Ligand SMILES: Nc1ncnc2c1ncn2[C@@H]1O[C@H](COP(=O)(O)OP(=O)(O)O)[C@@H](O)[C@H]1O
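Presented as structure tokens, the chain that follows is alone, the form predicted on its own.
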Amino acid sequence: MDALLALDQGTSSSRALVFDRSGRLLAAAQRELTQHFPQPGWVEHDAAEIWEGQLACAREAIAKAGVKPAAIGITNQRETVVLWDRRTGQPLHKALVWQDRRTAEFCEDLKRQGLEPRIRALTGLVLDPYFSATKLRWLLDHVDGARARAERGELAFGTVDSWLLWKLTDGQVHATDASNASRTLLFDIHRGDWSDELLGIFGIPRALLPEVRPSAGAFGTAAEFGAPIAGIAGDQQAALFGQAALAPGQAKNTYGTGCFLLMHTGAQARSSAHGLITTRAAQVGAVPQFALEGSVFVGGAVVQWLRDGLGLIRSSAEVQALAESVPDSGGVTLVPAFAGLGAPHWRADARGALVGLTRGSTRGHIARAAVESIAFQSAELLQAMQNDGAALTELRVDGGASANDLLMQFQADLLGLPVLRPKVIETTALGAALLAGIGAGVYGSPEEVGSIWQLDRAFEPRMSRDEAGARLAQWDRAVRQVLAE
């Protein structure tokens, strides 16, 4: 059996999933990942915990499936920065997570210097703490001796895919793929290489950087599992691939810790005038692939906040029932700008707000407002894409929160478009597995894997466009209140 192992290292957990050649899930294992918040706006992970948890999951999933994988694919939380010692393989500091905002002032300094237009022209990205370069700069400036050691070539930088690849190959391979490289603010997406100009702007020694390769191909061998690592892609690009969105104009939205709406634009980099970013999509072969992307920083994480911050629910699974205990949000709107606002606003200084409360507001109204906030933020992204000239006719969805029928129906209602949920909603892991399958020769082409996608349920719009417009206007008023503060 051509079994494929996907290592899916996310923000809130590490997981391993085994698929057969037809894309059927054979086994899975998961470990929750500890979140560290040393200061307001700072978010860190323990890179050693990431590795140990991911390795344990891989062992468990393979044992459950009872098969030996023909190939391994890696997909990962993007932008998160790991800095480690090349000789010992030990991290020098906790990983700085994509949500971390500690470099906001440095980003503002670069903007005041007038550097953002040039940076955006080379990278397709906005100048924001979300991306990797300023986080890496912070580590080099704040970890004792790190900059000097980096310049001597003693240290290695990587996003989480590079860190896992290094560990799986016992330190033999320091590489990444184009989709992850394009999230660092250091990669020229047009030339397909690290940019000396950008390295100079951010003060990053080139000796730190991994080799950049296509997303499907030979990355090395995982010694413990005796299998080639043959596919790597950042989580959202992997999900785009797993959704069989392989042609220009096809789009997907992933409902995870954050929400990420990507539209494939083919071999052409397409710029946005409405707050979206241009990024590399998963690359098979020599021809680069691109996508437009909008990022919501707090999507499913708002449910964790209801559980851990407010104590309104005991488990995340309870949120749909609590939200459905009321017919609507009762005028309550939650703007979950806990880590600033991402696309299309890009306001690192924004903070969350709960507005429209009355004496009659209940736990149910707050829960419903929290669920609806995920759909509202995603609707803003789709509107930005449409304003950029994208003519979308449907939206494919995945990620843990896409299992919430209330959320998916509300999303279709706001958008006025069918929302299509596939039978396998683990499309991030599936995309990594399929890329590995192509890289290892299990599949002959992307077109061959495209037939694996199957529809589970289509959510058709039910709400009138007038009502949807009124609800979106209510959301817009709440967001403007947040941005005015």
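Just so it is clear, the structure is predicted and the values come from calculations on it, not from any experiment. Numbers follow the displayed sequence, beginning with 1.
What follows is about the form predicted together with the named molecule, which we do not show.
### Query
If we take heavy atoms and a 4.5 Å cut-off, which stretch out of 137-145, 300-308, 153-161, 82-90 is in contact with the named molecule in the predicted complex?
Flagged stretch: 300-308.
Q.
Can you tell me if G10 lies within 4.5 angstroms of the named molecule in the predicted complex, counting non-hydrogen atoms only?
A. Yes - in the predicted complex, heavy atoms of G10 and the named molecule come within 4.5 Å of each other.
Checklist line | S195: touches the named molecule in the predicted complex, heavy atom cutoff 4.5 angstroms | finding: Contact check for S195: no, nothing within 4.5 Å of the named molecule in the predicted complex.
Check T333 for me: does it contact the named molecule in the predicted complex (non-hydrogen atoms, 4.5 angstroms)? No - in the predicted complex, heavy atoms of T333 and the named molecule never come within 4.5 Å of each other.
Is S132 one of the residues lying within 4.5 Å of the named molecule in the predicted complex, judged by heavy atom distances?
Residue-level check for S132: no, no contact with the named molecule.
* **Option touching the named molecule, based on a heavy atom within 4.5 Å in the predicted complex, out of A207, L357, A317, A267** => It is A317.
Please tell me which of G364, G400, G220, G275 lies within 4.5 Å of the named molecule in the predicted complex, judged by heavy atoms. It is G400.
Check: Mind listing which residues of 240-262 have a heavy atom within 4.5 Å of the named molecule in the predicted complex?
Finding: Going through 240-262 in order - heavy atoms within 4.5 Å of the named molecule in the predicted complex - the hits are Y255, G256, T257.
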